[in-house]
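Just one chain is shown here, as structure tokens, and it is the form predicted alone.
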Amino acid sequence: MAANPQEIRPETLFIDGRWRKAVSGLMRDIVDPFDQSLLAKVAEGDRLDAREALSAARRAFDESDWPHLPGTARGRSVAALGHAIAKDRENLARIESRDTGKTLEESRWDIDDVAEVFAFYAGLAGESHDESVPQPSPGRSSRLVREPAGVCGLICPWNYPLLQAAWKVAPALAAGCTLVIKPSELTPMSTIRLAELAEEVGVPRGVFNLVLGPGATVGAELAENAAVDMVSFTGGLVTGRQVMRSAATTVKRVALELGGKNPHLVFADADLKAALETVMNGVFFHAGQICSAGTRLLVEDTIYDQFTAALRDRMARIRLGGAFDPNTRMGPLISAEHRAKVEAAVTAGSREGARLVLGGTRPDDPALGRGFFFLPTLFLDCRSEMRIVQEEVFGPVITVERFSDEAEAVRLANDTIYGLAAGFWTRDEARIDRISRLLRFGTVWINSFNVYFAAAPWGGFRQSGVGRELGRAGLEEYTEVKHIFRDLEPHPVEWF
């Protein structure tokens, strides 16, 4: 798939093993967030397209051999798709950067991670996940087996289109499920390419289906339709709540990853140079459009002024630009609508009394004028109850709070409706043990931040979501547990 709009075919829905247009015939323009240039015109699907795709996935699950193949056979298909992704790395990275605006180097790292995820689940697919259950009396056998959950609706976000797709597609295929995937309508290009690669490596007809279109129609159909056994959604909290409500009507399995407001704590005994570098990385990769971004910084009183001064100096030197400029360190936001939301959050923060000391506006560089850029933004002297501290901004905005001791640091860090991730910096071994146990988050990083890999489960506490992705737990989300009991010496009970 090329990124030139003249070279993109209008048939960009992949349903039951063939490429086709939307039933409505509608198309959507996909634009580059760097300069709003046209990348492609793609089919704009709706509920009718989603229903056709779900029917194909249902037939493939109910009537084909796919869910009944040995795990090793499915593992070979998953591995083949991972190899195809690795081979297509540079092309996929360029597609991803044009679609999202992130730097080419960031996209290359993403594609490497995508290939790793497929390799990991290819290996897990070939392992036995059955368990024996001890029996209290002889003459009986009891075992647990894991079977594929069924037809899966996968709804993916715009910030990491291919990576988030991989976190869902790889375990779903490894488990023996069939699927319909809906990428964000803003960033569908790399998922289209993923479908092409799935076709090329021979994933069976109807097992992998792709429908483009809005969440309000295509996404809603995946959440509501009775043909779906399991829906996995990554995105915002408000939409996640709606997905859960919709899924409840048919009591289908639900996996939700809904973001967070992730605290990053720096104690006075930390390696401050390394902490500063990591605080920067934790917020400003992909312009802060990361669910696990450490946008809520908490700094111990005794080093607060020193640390925030250094942070302000470093932030002021971040170079904004296009994805393919090797000097760029931060690209644009995804859209004009999203930038307006970030701007509204910054305005609200200033009104609440947070001290804006850097950024808060669009850049004045004419070369960036057509893009959706927003300057790195720093708020000092923040308080826990402020909206700018509590609500996910999803942009290059960092707030800083003070704390005086461990108890206050933990209390402030846990003061959130979210629970996705947290990190802290200290050299004190005893403190490391205490703080890591007290923080109520799905992932806790110590002297690090935003590190994830295929074998480690990912997900959050509280309103950051339900379920886990990655790791063995990520595979289990796409399975059902069946208990198989056998009486080896049956005899009449004669109760009646």
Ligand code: NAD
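Predicted model only: the values in this text are computed from it and were never measured. Numbering starts at 1 and runs along the sequence shown.
Beyond what is shown, the protein has a form predicted together with ligand NAD; the following relates to that form.
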Checklist entry - Using heavy atoms and a 4.5 Å limit, would one call F373 a contact residue for ligand NAD in the predicted complex? => result no
Next on the checklist: With a cut-off of 4.5 Å between heavy atoms, is G235 one of the residues that contacts ligand NAD in the predicted complex?
Outcome noted: yes
Item to check | Heavy atom of A216 within 4.5 Å of ligand NAD in the predicted complex | outcome: yes
Checklist entry - Would G322 sit within 4.5 Å of ligand NAD in the predicted complex, counting heavy atoms only? => result no
Next on the checklist: Counting any non-hydrogen atom inside 4.5 Å, which residue from L380, M230, L197, V243 sits next to ligand NAD in the predicted complex?
Outcome noted: V243
Item to check | Heavy atom within 4.5 Å of ligand NAD in the predicted complex - residue from L210, L420, L265, V397 | outcome: L420
Checklist outcome for this item: Among 252-260, 98-106, 304-312, 135-143, the stretch whose residues bring a heavy atom within 4.5 Å of ligand NAD in the predicted complex is 252-260
Item to check | Within 146-164, the residues that have a heavy atom no more than 4.5 Å from ligand NAD in the predicted complex | outcome: I155, C156, P157, W158, N159, Q164
